[in-house]
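Presented below, as structure tokens, is a lone chain in the form predicted alone.
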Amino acid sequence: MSESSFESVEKTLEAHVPEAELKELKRILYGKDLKKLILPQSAVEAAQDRDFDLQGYVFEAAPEQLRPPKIVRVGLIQNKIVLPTDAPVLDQITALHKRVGEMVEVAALCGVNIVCFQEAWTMPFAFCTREKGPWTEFAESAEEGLTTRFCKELAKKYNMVVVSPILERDEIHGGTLWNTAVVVSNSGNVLGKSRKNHIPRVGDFNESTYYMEGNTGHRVFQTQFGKIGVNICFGRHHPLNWFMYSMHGAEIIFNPSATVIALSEPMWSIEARNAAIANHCFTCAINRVGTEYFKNEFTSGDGKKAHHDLGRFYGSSYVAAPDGSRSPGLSRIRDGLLVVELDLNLNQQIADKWNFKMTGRYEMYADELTKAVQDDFKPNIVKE
């Protein structure tokens, strides 16, 4: 099977593993068996007509005597770019607005309360090229830009919180660029923004030539449907980054990303799931799909010849729960919408069971980290 035709791990397992063994294999790989979410036929048909993968699952919590269920539906959207990377900038943005807008319409049919798009969703992931033009022209105001105005319309029309990761142009501070997630409330107003905390310096992903580490800390947004954080892309490799969103009260942490097969695929299914377990919260990992071709060749700092693309983005977006279970992933090769119904009561139920935060010994780590960042730090090593 070629790389380009390998749809998903789940489909391969279902095609080749006997049914008697498949259930046990899925239990080991994915935790408890999730119910499939019954989606409206109109949504299913629309996804087929518009050629994208549509899946739905349910994470249940145990019934409680004093608290009613706290149900929220999240939608994760992964997609290819629509036009070639050398098409006019505004045409590329407009085409992506149209494509993703169609998918949000289906999310609304499915009753989604909070939708999150992939990292830098309005543009090619051109930061690997190390060229400034025309890529910096995709940058927009987080508060008043074309894309934020578009998302405000979606949010108000569908009564849906929209998490929109963009390349931000900060005009107040001299036109500085940031990798930013704009959070639009279901009222249609901008609730706030969260900037990418960790900037990769790994081969092509030397993104500090475009923007630097964010300065918004670990903001958590109180929405009508729950408290959410946005841990953008490379931040998923940093356990303390997830942890701090959780410490600020996030019940759901979104991780909009853009990452390719050769670089990170073996890590993908582990990191967000582990973060959900460690932090007693839900995590949502979103990755784009497709291969993006650039007119000018570039190298990757790996000794290989110059090339025109970064590699293939492998999609596989999924949701993980604090009890260690996770949803199947979306397609590795197709656009997709994953709709997942969560009962946020599960967060506290699992916290009460495992007590990771209660037993965290944060005062000990805070003391040792304070010492470790000092120039005169001496590791606590005992020698004979």
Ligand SMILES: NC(=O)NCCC(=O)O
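Keep in mind that this is a model prediction, so the values were computed, not measured. Numbers follow the displayed sequence, beginning with 1.
Keep in mind that the form predicted in complex with the named molecule is not shown, yet the notes after this line are about it.
With the partner omitted here, the residue from 188, 192, 200, 311 that has a non-hydrogen atom within 4.5 angstroms of the named molecule in the predicted bound form is 200. Taking 94, 269, 264, 299 one by one, only a single residue has any non-hydrogen atom within 4.5 Å of the named molecule in the predicted bound form, and it is 264. Listed stretches are 137 to 145, 119 to 127, 156 to 164, 221 to 229; the contact stretch with the named molecule in the predicted bound form is 119 to 127, by a heavy atom cutoff of 4.5 Å.
Using a 4.5 angstroms limit between non-hydrogen atoms, residue 258 touches the named molecule in the predicted bound form. Contact annotation for residue 251: none of its heavy atoms lies within 4.5 Å of the named molecule in the predicted bound form. Although the partner is absent here, residue 207 sits close enough that one of its heavy atoms falls within 4.5 Å of the named molecule in the predicted bound form. Within this chain, residue 234 lines the site of the named molecule in the predicted bound form, having a heavy atom no more than 4.5 Å away.
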